[in-house]
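A lone chain, given as C-alpha cells: the form predicted alone.
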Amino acid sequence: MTERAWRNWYLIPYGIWLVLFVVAPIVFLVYESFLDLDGHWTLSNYKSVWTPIYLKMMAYSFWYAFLITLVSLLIGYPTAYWLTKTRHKQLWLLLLILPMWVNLLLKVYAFLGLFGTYGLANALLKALGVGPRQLLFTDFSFVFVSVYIFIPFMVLPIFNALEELPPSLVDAARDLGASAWTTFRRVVFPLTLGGVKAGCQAVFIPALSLFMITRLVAGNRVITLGTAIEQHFLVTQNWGMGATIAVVLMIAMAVIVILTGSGRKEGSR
C-alpha cells in the first residue's frame, strides 16, 4: 500500500468525527428550522426572524460583538507589541494563556464575587471615597468580563505577526528618517494587519453568540441572539425558532469568515 493510501486511511477517524459533530448538528439545525411547534413544515420561522424584535436583538448582538472586539484590539495590540520587546516573553505568554485553562463558568462566577456589592471592586471604590456602585448587571460588567475572556484570542495572532516582522524593515524606516509613529503607521501596522484581522475574527465571531455571560453578569439586561437561542431551546421549547436564529447566525459568521479571510490573504501578499 502506498504512502498516500495510508494517509487516506488516517483521515477516516477525522472524517467520522467531522460528520458526527459538525455536519450532523448543522443538518439537524437546518431541518429543525423548517418545523413549527407542532412539527409541521413551515417558513414562518424565517419570516419571524425579520420582525422588529429579532432585528433589534441582531443589532444588539453585532453592536456588543463590535464593542468587545474593539476594546480587545485596543488592549491587545499594545500588549502583543510589548510582549515582543520583553526578555522573558515565553513566561509572559504562559501567564496570558493560563486563564484559558480555567473553566469559563468558574471565571464568570469569580467576577460575580469581584463585582458584587461586597466584592473587591466596590471595596476599592469605597476606599477611594467614591462609594459602592452597581457594577453587576450593567453593560460595563458585560463588556469587561467578555474582553477579559477573549483578550488572549486577540493577543496571540498579533504577537505571532509581530514576531514574524523582519526587524530590518523597521531599522530601514528609522534610518530613512521616519519617526516612531510614522514607522508604526506605515510599516509595522500594515505588515501585521493579517494578525489583527485574525484576532478580530477570533473575538468577533464567538462574541456574536454569547449567552451565559449575558445571563449571569449582565442579568439579561443585554439581550442578544445567543440569549434568544437559549430561551427558545430551554424555556419556550420552540426549537424551530431557536434553530432558525442559529442558522441565521451561522450564515452571518460564515460571511464574516469569508470577508476577513480574503482580506487577510490580500494583506499578506
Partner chain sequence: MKRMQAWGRVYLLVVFAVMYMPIVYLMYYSFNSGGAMHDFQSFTLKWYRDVLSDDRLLIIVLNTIVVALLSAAVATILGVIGALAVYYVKRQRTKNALLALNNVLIVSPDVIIGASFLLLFTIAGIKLGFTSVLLSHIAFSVPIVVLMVLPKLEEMSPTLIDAARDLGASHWQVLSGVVLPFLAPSIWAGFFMALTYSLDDFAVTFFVTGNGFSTLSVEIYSRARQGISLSINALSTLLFLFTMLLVIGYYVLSQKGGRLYGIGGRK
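Take the two forms, superpose them, and find the largest set of C-alpha atoms that agree within 1.5 Å; that set is the rigid core. Please read these numbers as outputs of a predicted model, since none were measured by experiment. Numbering follows the first chain given and starts at 1.
The discussion below concerns the form predicted in complex with the partner chain, not included here.
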Please run the contact check for residue 126 against the partner chain in the predicted complex: heavy atoms, 4.5 angstroms, yes or no?
no
If you check in the predicted complex, is residue 152 within 4.5 Å of the partner chain, heavy atoms only?
yes
Distance check, residue 258 to the partner chain in the predicted complex, heavy atom within 4.5 Å:
no
Is residue 211 near the partner chain? Define near as a heavy atom within 4.5 Å, in the predicted complex.
yes
Which residue among 28, 41, 50, 63 has a heavy atom within 4.5 angstroms of the partner chain in the predicted complex?
28
Do any residues of 47-75 have a non-hydrogen atom within 4.5 angstroms of the partner chain in the predicted complex? If so, which ones, in sequence order?
74, 75
C-alpha of residue 251: shift of 2 angstroms or more between the shown form and the other one, rigid core aligned?
no
